[in-house]
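Encoded as structure tokens, the following chain is the form predicted alone, with no partner shown.
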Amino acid sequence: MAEIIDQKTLAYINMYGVLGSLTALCDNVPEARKILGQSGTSIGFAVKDGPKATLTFIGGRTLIKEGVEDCAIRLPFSSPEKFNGMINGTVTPIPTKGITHLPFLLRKFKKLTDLLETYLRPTEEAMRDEEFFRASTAVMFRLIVTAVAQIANHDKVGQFSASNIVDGPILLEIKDFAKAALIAKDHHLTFTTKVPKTVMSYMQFADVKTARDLFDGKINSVAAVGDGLVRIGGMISQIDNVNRILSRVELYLK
């Protein structure tokens, strides 16, 4: 029997992981920056009993932060399920603020999210292109590490694993390519691309291909550690529990 996913946890992943991945898309894909041009606006997503965050688009880049106080366009959702419906294309939200910015929402934002989907759900043909492969993996890396934090904070099974993680920063890195950190504090994980100089533990993928193969389930993480394709160190209990949470990411991102 298939496990039922928690809609609130999924909403947090969709907010900070999926929509948050627009930051990595703009950083790695020139086409994304071209779509935005020099546009400067912001969209606030307010989910009742769920996440509230604002995407800001400025100078061809995307930023995300908690709260919707300063957004130009405000999209309310009556439940996490409704917000998740917007992400999967079954719900069309109605703005309660920023009607004059609708052209941006309907044109540029839609083009940007459509482009994001091609990088998160790439075709085999697209992945044969080295530049696309690397950009797609960079975007996926951000999504997966962010998803680990959200599952740790909101999913009941993830929360149990998080309850065993001691305070301190955890580095996740694709060698010579991308890095991020999970900051553990009071059994709560926070994602950041600003990696502290000193970390308590680390997990490093040997190269982009190794990371991608692990993300796509083509190789086993335990075997990869044994083969030296994944290096781990520091406080191993942190990594063990992050790995347990990581094993639940596929459940939410399938």
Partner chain sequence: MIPSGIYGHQGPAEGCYVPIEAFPLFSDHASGSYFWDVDGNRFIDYMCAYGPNILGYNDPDVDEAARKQREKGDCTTSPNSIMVDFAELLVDTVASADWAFFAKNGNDVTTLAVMAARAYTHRKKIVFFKGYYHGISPWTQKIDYAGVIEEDVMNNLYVDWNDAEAIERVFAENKDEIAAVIAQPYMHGNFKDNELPADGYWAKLRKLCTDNSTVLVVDDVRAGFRLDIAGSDHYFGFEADLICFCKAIANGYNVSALCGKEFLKNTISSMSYTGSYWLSAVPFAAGIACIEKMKRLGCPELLIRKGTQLKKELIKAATDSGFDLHVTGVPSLFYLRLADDPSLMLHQEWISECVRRGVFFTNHHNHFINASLTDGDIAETVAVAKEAFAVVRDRHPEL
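Source: prediction; values computed, not measured. Positions refer to the first chain, counted from 1.
Beyond the structure shown, there is the form predicted in complex with the partner chain, which is absent from this document and is the topic of what follows.
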- request: Mark residue 215 yes when one of its heavy atoms lies within 4.5 Å of a heavy atom of the partner chain in the predicted bound form, and no otherwise.
  value: no
Margin query: Would you classify residue 160 as touching the partner chain in the predicted bound form, given a 4.5 Å non-hydrogen atom cut-off?
Written below: yes
Q.
When the contact criterion is heavy atoms within 4.5 Å, does residue 241 count as touching the partner chain in the predicted bound form?
A. yes
Can you tell me whether residue 201 touches the partner chain? I mean in the predicted bound form, with a 4.5 angstroms heavy atom cut-off.
yes
For this chain shown on its own, do 156, 225 and 236 all sit within 4.5 Å of the partner chain in the predicted bound form, going by heavy atoms? yes
Note: the partner chain not shown here; in the predicted bound form, the stretch from 216-224, 36-44, 50-58, 22-30 having heavy atoms within 4.5 Å of it is 216-224
